[in-house]
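Shown below, as structure tokens, is a lone chain in the form predicted alone; questions about how it binds or moves come after it.
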Amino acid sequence: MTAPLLEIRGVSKRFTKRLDVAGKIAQRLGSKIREETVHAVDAVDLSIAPGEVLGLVGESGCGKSTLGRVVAGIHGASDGQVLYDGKDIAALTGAEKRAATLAIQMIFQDPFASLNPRMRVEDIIGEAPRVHGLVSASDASNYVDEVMSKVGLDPSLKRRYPHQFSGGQRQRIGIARALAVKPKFLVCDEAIAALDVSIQAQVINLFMDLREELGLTYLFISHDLSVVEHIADRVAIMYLGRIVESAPTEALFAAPKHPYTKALLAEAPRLDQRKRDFAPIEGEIPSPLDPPPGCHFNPRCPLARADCREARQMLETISPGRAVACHHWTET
């Protein structure tokens, strides 16, 4: 088997809100106030092969964007390792650290908020390649033209500011900025969610064309199952910070195994089921401040038993390339 380009081993990310002086005084006086810890990502294991598109799917607040930011190096992991090309990124130094950092880039959901409104597009795209010595100052302008053309933007517009572009064009600027440092791995965090449907199709096609042309590998984060079904080779389903199922795209959509995956796919809108009544997943997603013991899905799961509330089921390989974290998946 091909060695993974990127591997995530037991990665967790927690955010703790420390008590201020008033809070500490109140605590000493007997108040029940305490530090709050958000368990955003909880012991996640994933591997992504070179050239693969892994779709990461889950409800809002499940931790997918946080995991993407950990992979991209924006957040440091509280526990675990992120390995690029077999090497732990956190343990690298010098030129190796710089190369791994540049090799993994992120494309954000909001194409306007992620671009500096006071910088011209030429500088937004060209700054990082100049700073890292990938292109000389004299060649920077031509290099920006080349990158803009690659993502379908007119190079003659490079002196404009982000607000002078449409939403789809701004997202292409974000993609061009990421591509400018010649990465091998892109984290796409809801990269088309803020765009009109017609523009979404264009950007998806651009992603696929760039994948073929540049040999890119993607972690494609989305809540849109139809988009993931179209673009991903493999899908990982996330719930409250944990991966509950992963499988090749076709196999997962044809026969989901985890109760949460099954519920998600059952309620996805389909043209051949127009008369079907909508029945949302019962209950609300628990708070990441105080996740339930055992399987995090147990308060909403129709198959939940005592063992589900007592012990966490780790991902178990049930067939080649397929894993599920459920004590009773055979009953789904």
Ligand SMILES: Nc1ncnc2c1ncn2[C@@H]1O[C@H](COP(=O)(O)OP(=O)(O)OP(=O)(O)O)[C@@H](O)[C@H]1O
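Every value quoted in this text rests on a predicted model; they were computed, and no experiment measured them. Don't overthink the numbering: it's just position in the shown sequence, from 1.
In what follows, reference is made to the form predicted in complex with the named molecule, a form of this protein that is not presented.
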{"property": "Partner-proximal stretch of 47 to 55, 34 to 42, 259 to 267, 291 to 299 relative to the named molecule in the predicted complex, 4.5 angstroms, heavy atom", "result": "34 to 42"}
{"property": "Exercise: residue 130 in contact with the named molecule in the predicted complex, heavy atom 4.5 Å", "result": "no"}
{"property": "The named molecule contact at residue 70 in the predicted complex, heavy atom, 4.5 Å", "result": "no"}
{"property": "Exercise: residue 223 in contact with the named molecule in the predicted complex, heavy atom 4.5 Å", "result": "yes"}
{"property": "Residues within 4.5 Å of the named molecule in the predicted complex, restricted to 4 to 31 and counted by heavy atom", "result": "15"}
